[in-house]
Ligand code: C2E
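Take a look at this one chain, the form predicted on its own, written out in structure tokens.
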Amino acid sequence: MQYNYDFEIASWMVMTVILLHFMFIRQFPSSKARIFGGLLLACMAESVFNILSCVGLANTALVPDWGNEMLAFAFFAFEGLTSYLIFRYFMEVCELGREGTQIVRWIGGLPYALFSVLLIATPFIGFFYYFENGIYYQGFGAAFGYFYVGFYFFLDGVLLFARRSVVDLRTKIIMIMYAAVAIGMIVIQYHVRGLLLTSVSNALIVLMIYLSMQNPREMIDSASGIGNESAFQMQLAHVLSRKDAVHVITVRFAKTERIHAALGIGSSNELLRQVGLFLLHLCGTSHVFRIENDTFSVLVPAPAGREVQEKIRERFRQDWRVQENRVMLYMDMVIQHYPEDFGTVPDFFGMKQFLFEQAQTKGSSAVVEMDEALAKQYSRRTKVEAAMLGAIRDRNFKVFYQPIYSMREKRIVSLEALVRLNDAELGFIPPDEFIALAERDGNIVHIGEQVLEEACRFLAKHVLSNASLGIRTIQVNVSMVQCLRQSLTETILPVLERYHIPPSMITLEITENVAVSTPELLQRHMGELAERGITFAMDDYGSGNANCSCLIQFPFKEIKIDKEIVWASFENPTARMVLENEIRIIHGLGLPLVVEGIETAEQSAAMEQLGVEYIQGYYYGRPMSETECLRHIRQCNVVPENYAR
């Protein structure tokens, strides 16, 4: 028979180009990439042996019978392997769990095992083919080959349908086109035996898979030469799907800005490359990743986790050489265990951040490993976060009001609006707990907006029409996150307008840390709002890094001294001198002064003796609900009970 090799040769050339590109364009060594590499080689080998077998059969005078039998055997072997590897690739794409992977691999492996047994027996029983007088004949079981390929088409389709929610559209299109072309090639070749089309469908699926694979450059960190965060998330998701027990060791370097400034970008990158190479040598290419600028993560099989931790710690106790420089890298290390500690990729990242926060409290070069106690803390935090997000969504935050007492007028003249959160499951959640989380995630903006609106509603309902209450202002806290927003003014003014609140009745409290951190933007916000009549108070003065220059630089109209300084002044003579000095300076600047944390009559008298104008503390009233606060004001300010409501 005369064979036409044109399509087979063209397909082989296409796959050769893909192979060269695959080899020289660095691929991240994922399981999908490894299976694809095996599939590509199997398809090329199948094509080569198909051509050689046909050439041998056409030239029986030159090729001995045993040679043609070996070529035919090799062709069938790679043909069976190709269908199985395509199935294995789609298994990886479908991201089956460990149990699912084992079951499906067992189901998919049975036909390949049967095919292999029948192929090995073929030279003896003539199942797929046999030779007679040097002539090739199809065996009595040749139709099994079509059934074999069709079964894998069916199995691939079932997989894609069952996992359609996680498989992208490109992969579905690849499978459909491959099946259609493969079936078409089989039909054509069945009727035109001399036309070799076996490799056309293989070349098509190899090309489509390769074009759909992620760009390897997107998976490699250019500075250190190892996998980046995208590669890490992909590999971690693969580990989770297989439920392999692993330790995830993450190291974060401290004082990296100083290293960059001292060594320059080039030397800093060389240092990162050295760290990456050390970790690669220790753990292997597919287990080491640079997930942030100064952070590396390592995936280690659980039995080797402890040994790898110790080797990393030992190496970082030594210097690193960069050109002529010796550099000591200080790092914090956190260790998480799968499946004990986390179950999803987002869980891992949330827990990692929590552990590094714990490491920061332990000083330099801390090592924090997830344990039962930390797991309880983390569980508590996630529940608080969920409660906070639910309260933001459902507007379930409550605003309490704490009185501010005028020592000169002997009455309550102002209130501070304080946010409170009660959860059905967790009960009362302290403000320090949920506010810190809200500031970290930016949700403090939504909380601040709700507090301002509730304070304006309170003023409109109870204060504007009742001058006898004597409440002149309500103080509302503004966080650093809010001050960093360009639209702060546009966020505040419409709320006041909606409730018809005079701007002079709102005082925005800003901590001194905010003033230090965002001076230019804060000056702009304060200038815009001050023009409308809103005043500003510096809250917690003396608790941060600010000094009197902040009082000069920003248009504050009131200063609130932090309660920790006040409390210390009653026990420590030095603290007393500091407090008295601060009070004199603030008075010298002509600014009203509020002292927080006053809880006894003795403390109140001491502050009055120092000339403090306003007092805030439990002695004059705890934070109270709206109803309780109104009752307290009436009693303290001697307001008639029948005032208009």
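Predicted, not measured: the structure shown is a model, and the values here were computed from it. Counting begins at 1, following the sequence as shown.
The form predicted in complex with the named molecule exists for this protein as well; it is not shown, and the discussion that follows is about that form.
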{"item": "Sole residue of Leu118, Val181, Val239, Val451 within 4.5 Å of the named molecule in the predicted complex, by heavy atom", "value": "Val451"}
{"item": "Listed residue (Asp65, Glu608, Glu580, Glu599) with a non-hydrogen atom within 4.5 angstroms of the named molecule in the predicted complex", "value": "Glu599"}
{"item": "Close approach of Lys563 to the named molecule in the predicted complex, 4.5 Å, heavy atom", "value": "yes"}
{"item": "Distance check, Glu79 to the named molecule in the predicted complex, heavy atom within 4.5 Å", "value": "no"}
{"item": "Gly109, heavy atom within 4.5 angstroms of the named molecule in the predicted complex", "value": "no"}
{"item": "Interface membership of Thr489, the named molecule in the predicted complex, 4.5 Å heavy atom rule", "value": "no"}
{"item": "Region of this chain that lies against the named molecule in the predicted complex, out of 528 to 536, 489 to 497, 563 to 571, 301 to 309 [heavy atom, 4.5 Å]", "value": "563 to 571"}
{"item": "Full three-residue contact with the named molecule in the predicted complex, heavy atom 4.5 Å, for Gly470, Met505 and Leu593", "value": "no"}
{"item": "Residues within stretch 460 to 480 having a non-hydrogen atom within 4.5 Å of the named molecule in the predicted complex", "value": "Asn477, Val478, Ser479"}
